[in-house]
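Quick heads-up: it's one chain on its own, the form predicted on its own, in structure tokens.
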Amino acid sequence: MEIKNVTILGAGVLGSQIAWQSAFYGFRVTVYDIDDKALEAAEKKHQEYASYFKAKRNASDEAIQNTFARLSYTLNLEEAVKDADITSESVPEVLDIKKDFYRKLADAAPEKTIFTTNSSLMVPSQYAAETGRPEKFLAMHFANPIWDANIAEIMGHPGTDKNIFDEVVTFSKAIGMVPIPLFKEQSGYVINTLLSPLLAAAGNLFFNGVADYKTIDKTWIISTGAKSGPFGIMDLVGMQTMYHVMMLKAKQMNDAEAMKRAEAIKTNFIDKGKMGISSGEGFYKYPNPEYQSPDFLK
């Protein structure tokens, strides 16, 4: 099957990026969300991405105009998926929400549609049955921002059809991604399996009062040459995702410390609207965080 029509299910930070990237590379894209404010925010983000692509990625006015022409937005799930060849789902990282959503999606989507999840925490087999087409369901996971960290981690479950897996690998290349195929299910894929221990270690240092977050980030940046430290990465990942990660660890491992940290993230950040880069403030303020200043490393 030739993939032409892409539906993005969830218009948040990554959903809006996947939509823009897919449209920029020539695919017709429909963006779906249950919240009209989320769709409005996605449209605003797409205006920002247009300016960024023109200024930083040498995109022509024609390419930007064509990208916008390929994008549409809807609150109606049936309308969103009626012509979909492939979907990319980025709904909240809560298993019951995922399962309920896929039951509705299975009823709405045509038989041809390939379902992919962008879940960072869960593996496809946890809700493959709810898709109604487990052989056409797998993970295609993106990092943030996807045009710089341009990997697409492709992970099936035991029931995924190998031909569908290969189609998704091909599609990921077609939208400018470097496919990262996984041979078996792994929560966290490759990137988050590597990243999680770093963020956990940074959290230990900070929450136990060993060092403040700026000192920890400074140490990491100077020592490794990285663009940002672990707390800058947390801002990029977003506090909502950090909260869900910590809550999942707390519940799965009966980890009291993880529960305390989840509650601290909620109280000190989420409840105050400090969601990270997406809201303009997390540990740092954006768009010009301190760690990008030359004086930060002195």
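Note that residue numbering begins at 1 and tracks the sequence as displayed. Keep in mind the model is a prediction, meaning the values are calculated, not measured.
The form predicted in complex with a small molecule exists for this protein as well; it is not shown, and the discussion that follows is about that form.
Listed stretches are 95-103, 213-221, 194-202, 131-139; the contact stretch with the small molecule in the predicted complex is 95-103, by a heavy atom cutoff of 4.5 Å.
When you look in the predicted complex, the only residue of S172, T113, S120, T160 with a non-hydrogen atom within 4.5 Å of the small molecule is S120. Taking the partner from the other structure, the small molecule in the predicted complex has no heavy atom within 4.5 Å of any heavy atom of E40. The small molecule is not drawn, but in the predicted complex it has a heavy atom within 4.5 Å of G15.
Taking the partner from the other structure, the small molecule in the predicted complex has a heavy atom within 4.5 Å of a heavy atom of D33. Interface residue remark: I86 is not counted as part of the site for the small molecule in the predicted complex, having no heavy atom within 4.5 Å.
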